[in-house]
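Before any questions on binding or motion, here is one chain by itself as structure tokens, the form predicted alone.
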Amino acid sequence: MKGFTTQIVHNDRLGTIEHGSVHKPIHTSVAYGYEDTRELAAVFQGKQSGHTYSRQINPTVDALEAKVSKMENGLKTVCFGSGMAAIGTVFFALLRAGDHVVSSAFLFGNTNSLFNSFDSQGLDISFVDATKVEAVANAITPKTKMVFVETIANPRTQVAALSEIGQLCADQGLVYIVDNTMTSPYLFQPTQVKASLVVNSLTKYIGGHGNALGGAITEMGHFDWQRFENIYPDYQNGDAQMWGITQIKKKGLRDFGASLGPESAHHISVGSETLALRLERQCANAQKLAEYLYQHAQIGQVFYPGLVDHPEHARSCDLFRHHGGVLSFELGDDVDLWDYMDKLKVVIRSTNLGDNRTLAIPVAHTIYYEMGAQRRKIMGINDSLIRVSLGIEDVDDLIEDFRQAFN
């Protein structure tokens, strides 16, 4: 099985599934019993595989982790209760007070807030323009441990210099974390840019239906964890490629407790089977809507990597299968933001992205409001900026909806 969708649809069947079920069943048990006490101890000590407590291991979640690893061509995945939980747990598990991180300045609002919290608690985080590898290189210090970037920035759609930063991190011996949420494993494989760890918010495109929260970290096998001084002695056992992800699971997920529940894991797993089908439609819709808005006299600017005048259009063509399912645009000065959005009929006024339904939100007044006017200005987030996450509706209906709202 070589095709992307074929592998996802049949991945559960590569292992043992109870009673011949096509999907991995939902296992709701929190604890697991053993007939042999020595075996119980061996599982706790990591000497043999098995289940201990569902805060860190569950059969339904295991199946989803195997599926995400297959999608990303990674070695091992750990799932969490949300994408934010995944990012926060990685920092909690791998970094210590005084460590330095270089991060893209064009971050999702909640990730930005989280990083500022870590910064105030002893980590040193520098925010730079990740579309330029020189900006990342100039920010590196002797205390730098990690570089964090998103593939396509939310909401202005800047595309990071992913390949160049990956080579820089390889040369400097730095952990390279790539958040693949905006592209998903179908549009982009971060292994090709030497990512150490890959983040996915499973809530978004992989789950796809807006009915379950989840996040994941995948070990890609490109980083030499023997060079990483923050690995605790307890986790310096066995294959060194797995030291980092083991510490994330044992020290991070177990201690921090940001677990993914089996019901959500099942929803996400089933939803992931149509990832490629959904994204083909969503990306096509985004391209056509972006081209329509770009020509509209009452639109200021449109931000979408699929437009030829986007600053990183060529990079997006080189890296990604398509240009993504999210765009944003600024209304002209003569259009009232609130009245315009209230006239949309098909499009739902809501947060989230990657849903089957098209969602739109006034960015500066909602998900980036707490960031403050000064930081929004630095990020280029205008008060009239609207982010649109394209769904799978018929594109003519979507274009007509945006058209009629101007009347």
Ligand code: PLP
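Note that this is a predicted model, so its numbers are computed, not measured. Note that residue numbering follows the sequence shown and begins at 1.
Heads up, the form predicted in complex with the ligand isn't pictured, but that's what we're talking about next.
Although the partner is absent here, residue 72 sits far enough away that none of its heavy atoms falls within 4.5 Å of the ligand in the predicted bound form. At the 4.5 Å threshold, heavy atoms of residue 219 stay clear of the ligand in the predicted bound form, well away from it. In the predicted bound form, the ligand stays beyond 4.5 Å of every heavy atom belonging to residue 190. Contact check for residue 287: every heavy atom lies farther than 4.5 Å from the ligand in the predicted bound form.
Across the proposed site, 312, 328 and 388 without exception lack any heavy atom within 4.5 Å of the ligand in the predicted bound form.
The partner is absent here; in the predicted bound form, the one residue of 196, 246, 264, 154 having a heavy atom within 4.5 Å of the ligand is 154. Only one of the listed residues (77, 269, 203, 104) places a non-hydrogen atom within 4.5 angstroms of the ligand in the predicted bound form, and that residue is 203. In summary, the region of this chain contacting the ligand in the predicted bound form, judged by heavy atoms within 4.5 Å and restricted to 233 to 241, 174 to 182, 95 to 103, 121 to 129, corresponds to 174 to 182. Contacts with the ligand in the predicted bound form, taken as any heavy atom within 4.5 Å, map within 74 to 97 to 82, 83, 84, 87.
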